[in-house]
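One chain comes next, on its own, written as structure tokens: the form predicted alone.
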Amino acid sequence: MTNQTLALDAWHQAAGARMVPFAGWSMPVQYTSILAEHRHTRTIASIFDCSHMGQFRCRGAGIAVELDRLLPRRATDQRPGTCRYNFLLADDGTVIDDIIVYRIADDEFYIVVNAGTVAADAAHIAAGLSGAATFVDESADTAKFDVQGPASTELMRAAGIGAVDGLRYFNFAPVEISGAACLLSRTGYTGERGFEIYVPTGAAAAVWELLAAIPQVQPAGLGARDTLRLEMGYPLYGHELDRDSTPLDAGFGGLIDPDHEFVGREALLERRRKHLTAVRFESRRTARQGSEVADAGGQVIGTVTSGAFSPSLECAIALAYVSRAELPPGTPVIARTGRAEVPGEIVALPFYGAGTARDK
């Protein structure tokens, strides 16, 4: 299978990026090292090319009501100018994808989806809308860049992007960058203060060059993006969320109104077979996806969904689904990696508690 290439593929390779296949794309996994890129994001700011992700636009009178039938978190009570984390669910309550929904106007929404599920998501949404609604897949025409880190606001302001000032968490605004009409949102996947920028593909090179040239901003790849999100306990589709997991399994029950009617509601509310759990290990030895998790007596109680060395905590961490009722922090467990049994304990999320994402 041939992987799609990013508009900035040549730039990444010239910058020394190691390219890897991911969700049907050739993506930069690192430029220098995952450790260095992770720490630079936690302390200053990094730029990520996330143009592999998909974007849809839905318009029409009554479009919010139509989306309400598809989404477990209501669209009708979402204010224009705000973003909302949401889900697409199958009839059995399992997750087709986790998404971010932007309300552009009363009659217009912008939906950001994961790269590996673009086609399935498009089919699911289009099939769920009436003929009066307009659905457009804008993925091929859109690039997406993330500037993430505690210094991101002042660094972007110094580069002339004044719209960053006063933009609240999970809010967005239209902005012009390098002469291109872009959408700027105060969102991200790192746990740090930051912004996601949606850019017309034709302007991708100019906007990226401007952002990458900001003093102290350095490029970072998928490797650091993954360790950053894992330290925050953020789910990754295909790991914590998939067609065998529900939002309730993953701990998002508090986001969902049980009185709201949506696709998969009945099955979702009747089913919770597992619990997403955070494990911190005593050493740097990592338990990867698929490793068994056992209790102190050796009985298998679950499976790791994501695991990595945490550069911020300097030990290994993992997310795992366990079949028992939720285990309290401090409960000892063992991960079986195939080569060793790694002792650890259940902890509360997030693993890393000093993130700046919600700072004013």
Partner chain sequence: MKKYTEEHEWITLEEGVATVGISAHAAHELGDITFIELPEVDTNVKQGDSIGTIESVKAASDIYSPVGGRISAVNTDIEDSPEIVNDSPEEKGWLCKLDGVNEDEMQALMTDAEYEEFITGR
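Residue numbers count along the first chain shown, from 1. Just so you know, these numbers come straight off a predicted model, no measurement behind them.
If you look for the form predicted in complex with its partner chain, you will not find it shown, but the lines that follow are about it.
Does R18 reach its partner chain in the predicted bound form, with heavy atoms at most 4.5 Å apart? Residue-level check for R18: yes, a contact with its partner chain.
Is R285 a contact residue for its partner chain in the predicted bound form, using a 4.5 Å heavy atom cut-off? R285 belongs to the contact set for its partner chain.
E196: touches its partner chain in the predicted bound form, heavy atom cutoff 4.5 angstroms: No, E196 is distant from the partner.
So, in the predicted bound form, is I34 in contact with its partner chain at a 4.5 angstroms heavy atom limit? Yes, contact at 4.5 Å.
Exactly one stretch in 272-280, 249-257, 220-228, 94-102 has heavy atoms within 4.5 Å of its partner chain in the predicted bound form; which is it? This holds for exactly one stretch, 220-228.
Stretch 60-95: residues contacting its partner chain in the predicted bound form, 4.5 Å heavy atom cut-off: Going through 60-95 in order - heavy atoms within 4.5 Å of its partner chain in the predicted bound form - there are no hits.
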